[in-house]
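The chain that follows stands alone, in the form predicted alone, written as structure tokens.
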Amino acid sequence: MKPNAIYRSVVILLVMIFSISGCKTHPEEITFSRTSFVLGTVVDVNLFDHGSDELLDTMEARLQEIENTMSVNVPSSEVNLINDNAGIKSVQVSDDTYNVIKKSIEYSVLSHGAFDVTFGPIVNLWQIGTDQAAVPDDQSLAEALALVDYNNIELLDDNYVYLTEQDMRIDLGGIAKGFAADEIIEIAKKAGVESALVNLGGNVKTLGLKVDGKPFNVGIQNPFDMRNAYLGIVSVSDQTVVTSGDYERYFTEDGVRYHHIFDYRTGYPVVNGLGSVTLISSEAIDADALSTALYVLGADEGTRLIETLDGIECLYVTYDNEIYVSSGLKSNFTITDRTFSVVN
């Protein structure tokens, strides 16, 4: 087995955002910027006006607070406290954790389980992104899959959360970065910042317009190119762009490649001919959760779902170099790599 943990999306998106023709951002245009490692990923914050070191400190502290309460990698987190008491007792948590779990359940219901916040046992079993990544045996997988059911989360009064089955585990990794992006942009807005861009591990959120008064152009990664190439661009203002793909984290065993997005029906990585799916919305928390759900659902079902939602658009890339774009995004997407074609 040869494990591979590839976290390229942060660098890829940063390179594309700042190098696309018509979207060049020179160092002197960034009044304040900071790079840190929080929530298990690289975080880049760029404030183009009204920035300060104190404001960056406040934003970084907020990110750290979210990690300390919601990350399964922090032993004392509220999420781990909930998991440790699964099937035993309810646990009182902060408003943040309670509301993010509530939002997770909403998207679990909307996607009929394609996104499921209780997928923790499956994630732990596969260990993708670690040196212990391996294909689990059938019995272990069946036992873990039996614990996955968002209906077994009880949200009680006074911010109490209860997992009804022992060994259940919630994992907010598919939604917490989106919540965090929304939070730090809100901090910037309250401080009077009118132009900003943040990137949390590929979750890009913009505030306002660029300093030249034009929208931010964000490149959509070519999921099949290791050279940080992009296949097209979307122009956004006060919006977020989130991409999920099978190229982000994976390992290879016996010549077979296994990625980190799991099929809720089988517990195995999804195999549906997709390289990636990109979501564009005003709220990063929505795009974060939906990017996972839409990848699992596939292009046809996922696009149909998006067409029922206001203010959210999607773009699929298939292994046949075909691009499917939701109706509201077609006028705002420009293809730049002609080896791909928009087919709908």
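Residue indices: 1-based, along the sequence shown. Keep in mind that what you see is a predicted model, and the values were worked out from it rather than measured.
The same protein has a further form, the form predicted in complex with adenosine-5'-diphosphate, not shown here; the description that follows concerns it.
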Worksheet item: residue 249 near adenosine-5'-diphosphate in the predicted complex, any heavy atom under 4.5 Å?
Response: yes
Worksheet item: So in the predicted complex, does residue 278 come within 4.5 Å of adenosine-5'-diphosphate, heavy atom to heavy atom?
Response: no
Worksheet item: Quick one: does residue 216 come within 4.5 Å of adenosine-5'-diphosphate in the predicted complex, counting heavy atoms only?
Response: no
Discussion item. Check residue 262 for me: does it contact adenosine-5'-diphosphate in the predicted complex (non-hydrogen atoms, 4.5 angstroms)?
Written reply: yes
Worksheet item: Hey, with adenosine-5'-diphosphate in the predicted complex, do 316, 322 and 342 all fall inside the 4.5 Å heavy atom range?
Response: no
Worksheet item: Pick from 166-174, 130-138, 153-161, 206-214: which stretch has non-hydrogen atoms within 4.5 Å of adenosine-5'-diphosphate in the predicted complex?
Response: 166-174
Worksheet, complete the sentence: Of 296, 312, 66, 55, the only residue with a heavy atom within 4.5 Å of adenosine-5'-diphosphate in the predicted complex is 296
Practice prompt. Check each of 233, 114, 101, 236 and return the one that places a heavy atom within 4.5 angstroms of adenosine-5'-diphosphate in the predicted complex.
Written response: 114
